[in-house]
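Included below are C-alpha cells for two forms of one protein chain, each presented in isolation as structure 1 and structure 2.
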Structure 1
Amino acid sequence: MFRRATTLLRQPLMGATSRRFSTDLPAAPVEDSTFVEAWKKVSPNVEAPKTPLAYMKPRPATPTSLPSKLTVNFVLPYASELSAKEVDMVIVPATTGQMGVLPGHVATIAELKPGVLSVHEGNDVTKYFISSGFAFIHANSVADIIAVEAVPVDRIDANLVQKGLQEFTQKLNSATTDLEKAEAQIGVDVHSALNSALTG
C-alpha cells in the first residue's frame, strides 16, 4: 500500500501542473468535436455522421470530491458476476496481500493471487474465492476485477481441498524439474488459499 510513497517523496510538490490529480479528468466526450466542425465547414447542410465515439458509453467523470460509493465490475470469462454494482468497499487478494479498496482509492493495477474477494455493501459481505486474475482501480472509483474462476466460498468442498493439499505437498517433495516444482508449488499455494478461505 505504501509502495508509491518513495516515488512521491522524490517528486517536489510543485503544484497542480506537475502532478495529475484525479480532479483533472472530465467525463469522456460523447462526440468528436473536431470532426463535427470540419464536416460542417465542408457541407453545412448535411448532418455529420456519428463516429464510433458517439456510440460508446462515456467514461464517468472523475468527481472533484470523494464519491460515496465504489462501482464494481466483477467479470469472469463465462459470466458477469457484478456489473456496475455500487458498494462501500471491496477487499481483493492482491499478490502483495489483502488490499482494501474504498471509494476515492488511488488508481491501481493489482495482480491477484488465489484468495478471497469480499464485497462489502452496508452490512452485507459477499465472499468469492478467486483463482487468480487482475484488479484495475480507476481514478473515478470504478473497480474492474477480472478472474478466470470465482466461486462463492460455500461451494468449496473441504475434503477435496485437504486431499489436494496433501497430494501437492507430496509432489513438491518429489519434484525434479523446475517445471514440476513450479506446478507443485502452484498446487500447494492454491490449496492452502482454499483452506484458509474455508476456515477464515
Structure 2
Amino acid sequence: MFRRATTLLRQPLMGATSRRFSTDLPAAPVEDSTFVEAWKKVSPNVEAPKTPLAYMKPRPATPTSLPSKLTVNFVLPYASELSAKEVDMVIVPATTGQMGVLPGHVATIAELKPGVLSVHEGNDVTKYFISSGFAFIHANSVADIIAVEAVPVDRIDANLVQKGLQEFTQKLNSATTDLEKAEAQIGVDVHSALNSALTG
C-alpha cells in the first residue's frame, strides 16, 4: 500500500477540479473575464463595474534566491515593537508548538499561544512574552507578528508571577460554574507560561 502512495497522490481525484495555489496566481491583478463576459451579454452598452479582483494589490514577487535576513514586523494594538527589522531568525510560540522562522520559510499562518517570542539577531537574542496573537509568514521572507499583549521577559516580576499562579490555582480548585472554571484555567495557563518563560 505504501509503495503505491506516491502514485495515488499524483492522480487527480475523480470529478475534482485542479485547485490553484497562491504562488500560481499572477503577480499583477487581472480582470475577472467571466464576469465581464456575462455582463456584456446582459447589458452590452454599459461598461462592466469593477469587481473586488480589480482592487486587490499585486502580491509581492517571491525572490529567486534565498535572502540572508528575515524582515520582521511585530505589532501590538497600541504600539509597534519592531518595524521592518532585519533579523536572522524568530521563534514563535504557535499553538502547534515552538516554530522557528528563517529567511525563505514557506508561507504560513500560525495562531500564537501564551509563550516566549525570541528574536535572534547575530549573537543578540531579544525575548518577549506574548499572551496570544497570529504570525503571518510570507513567501518573500517577511514575517508579520501580531500580539494582543507583549512585554520583554526581563521586565517580568517573578514574585508576582508566583503569586498570580497560586491565586488562579486556588480559584480553579474552588470554582463551581463552568465560567469560573474557564476563567481560572486561562489564568493558570498564562501564569504557567510566564513561569516557564522566566525559568527556561
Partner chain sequence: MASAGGAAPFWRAAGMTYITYTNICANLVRNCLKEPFKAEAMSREKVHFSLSKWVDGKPEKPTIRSEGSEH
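In this text, all values refer to a predicted model and were calculated from it rather than measured experimentally. What we label the rigid core is the largest C-alpha set whose atoms superpose within 1.5 Å from one form to the other. Just so we're on the same page, residue numbers count up from 1 along structure 1's sequence.
Quiz item: Where is the form predicted together with its partner chain shown, in structure 1 or in structure 2?
Solution: Structure 1 is the one predicted together with its partner chain.
Quiz item: Is Lys69 one of the residues whose Cα moves 2 Å or more between structure 1 and structure 2, with the core superposed?
Solution: Superposed on the core, Lys69 moves its C-alpha less than 2 Å between structure 1 and structure 2.
Exercise. Determine whether the C-alpha of Gln162 shifts by 2 Å or more between structure 1 and structure 2 once the rigid core is superposed.
Key: Comparing forms between structure 1 and structure 2, the Gln162 CA shifts below 2 Å.
Quiz item: What is the Cα shift of Lys40 between structure 1 and structure 2 once the core is superposed, in angstrom?
Solution: Taking the core as reference, the C-alpha of Lys40 is shifted 22.5 Å.
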